[in-house]
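A lone chain, given as C-alpha cells: the form predicted alone.
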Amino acid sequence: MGKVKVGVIGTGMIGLGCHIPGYLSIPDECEVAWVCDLLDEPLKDASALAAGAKTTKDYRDLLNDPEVVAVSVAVPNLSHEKLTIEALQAGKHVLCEKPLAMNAQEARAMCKAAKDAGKILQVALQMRFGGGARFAREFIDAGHLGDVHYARAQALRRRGVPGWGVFIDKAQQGGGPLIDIGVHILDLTLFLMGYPQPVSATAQTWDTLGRDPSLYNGMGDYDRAKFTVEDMAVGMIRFKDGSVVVLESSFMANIKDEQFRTEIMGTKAGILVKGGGEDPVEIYTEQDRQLFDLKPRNVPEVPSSHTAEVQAFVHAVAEGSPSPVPGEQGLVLNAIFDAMYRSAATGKEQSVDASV
C-alpha cells in the first residue's frame, strides 16, 4: 500500500487541532485528501492547514472517492453513529471521536457495521497513548501491582464548562462531563486494568452550578438557560472480576485544584497516573516493612498523545492490524454511562449491558 489517503469530516477544534495535525505528522505515510465541514470558516482553516486537500460541505463526496481508504469522524456526538456507519459501509476505516456514540445502542450498531464491513473502527481516546499510560501499562502487565481490586478515577474541573459547541446540550451531546471528559479517564483506567467486564453501576448527578448565571466560568460564557447536561457526576462501577472503580467527573465543582488522574490499587502496590505535567507516574509500595513512594525517571516522552493516536490508526490501516482502540471498548464505556445515568435518575444500582 502507498500513502494512506484520508478524509476528515468535521474541522472544528478537534478536527483542526488534533486529527489533521496527526495525519500531517507522517507525510511519507499519509495524505489528507479531503476535508469536510458545514461551516465556511473552519473549512477554510482546514484547507489552509492541509494544503492540497479537496474541500466539501457534503461528506458523501469523500465517501464516494475510491482513493480515500480511511476517515476521521470529528463532529458532535449526535452524528457519530450515522456518519461512522455510512463510512464503514462505503468501505472506509474509521477513527471516530470520543465518546463512540450517544449511548450503547448506537455504539453496538457501529461495532456491528465495522465487523460486517471488515474495517477498523477506532475510538479517539488518546490518553492511553501518553508516556505515563505506556509506562504504567508495562508496569502493571509485569505483575508489579499484583491483583488489581480498586481504582479511583478523577476528571474534575472547578469552573470549566466549554463555552462553545454543543457541550451543554444533552440532545446533541448525550451528557455532560461524564461523557465528555470522564470518558477519557475511565478509558485510561480500564485500559490499565485490562478492560474488565462491567456488571453494574450506581451514580448521582447534579446540575445546580452549571445553570447558575451568577457563577464564573473559565472557558467562556454560555447561556445558562440552555444548560441541559449535568455539571458533576459521581459513580461506582462493579466488574465481573470483583474489582471496583469510583469515577468523579465535573465541569463545575467547588474544589481547590482541578484533577485529571487515576489511582489504581493492587495487592502488591498502587500506581498514580496523571493526565500530564511533571511526575506523571507515582508508585506506592512496600519492601521489608518499609513504605516507599517512587517516581520513575524513564517515563517515555510523548510530545502529543493526540498525534500518537492518529499515527496508530494510520499504521493499523496500512498494516491491516487490529484497531488500536477497538469500538467494542467504546461500547463498554457507553454502556457504563447509560447505567450511571439511569442510576442517577432512579436512585438505584443498574446493570451494565456491554454485549456486542
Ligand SMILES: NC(=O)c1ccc[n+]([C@@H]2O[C@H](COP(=O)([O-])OP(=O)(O)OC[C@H]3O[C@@H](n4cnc5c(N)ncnc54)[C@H](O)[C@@H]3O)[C@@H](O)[C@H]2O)c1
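Given the structure is predicted, the values throughout are model-derived calculations rather than measurements. For every residue, the number given is its place in the sequence shown, counted from 1.
One more form of this protein should be noted, the form predicted in complex with the ligand, which is absent from this view; the next part is about it.
When the ligand is considered in the predicted bound form, E263 lies well away from it, no heavy atom lying within 4.5 Å. At the 4.5 Å threshold, heavy atoms of I9 reach the ligand in the predicted bound form. Using a 4.5 angstroms threshold between heavy atoms, P99 counts as touching the ligand in the predicted bound form. The closest heavy atom approach of I140 to the ligand in the predicted bound form falls outside 4.5 Å.
None of 191-199, 161-169, 141-149, 223-231 except one has non-hydrogen atoms within 4.5 angstroms of the ligand in the predicted bound form; the exception is 161-169. Proximity to the ligand in the predicted bound form, taken as a non-hydrogen atom within 4.5 angstroms, holds for one residue of L83, I283, A253, A113, which is L83. Contact with the ligand in the predicted bound form, defined as a heavy atom within 4.5 Å, holds for exactly one of A74, V71, A155, I120, namely A74. For the three marked residues, M13, C36 and H306, a heavy atom of each sits within 4.5 Å of the ligand in the predicted bound form. Although the ligand is not shown here, in the predicted bound form the stretch 114-129 places heavy atoms of A124, Q126 within 4.5 Å of it, in sequence order.
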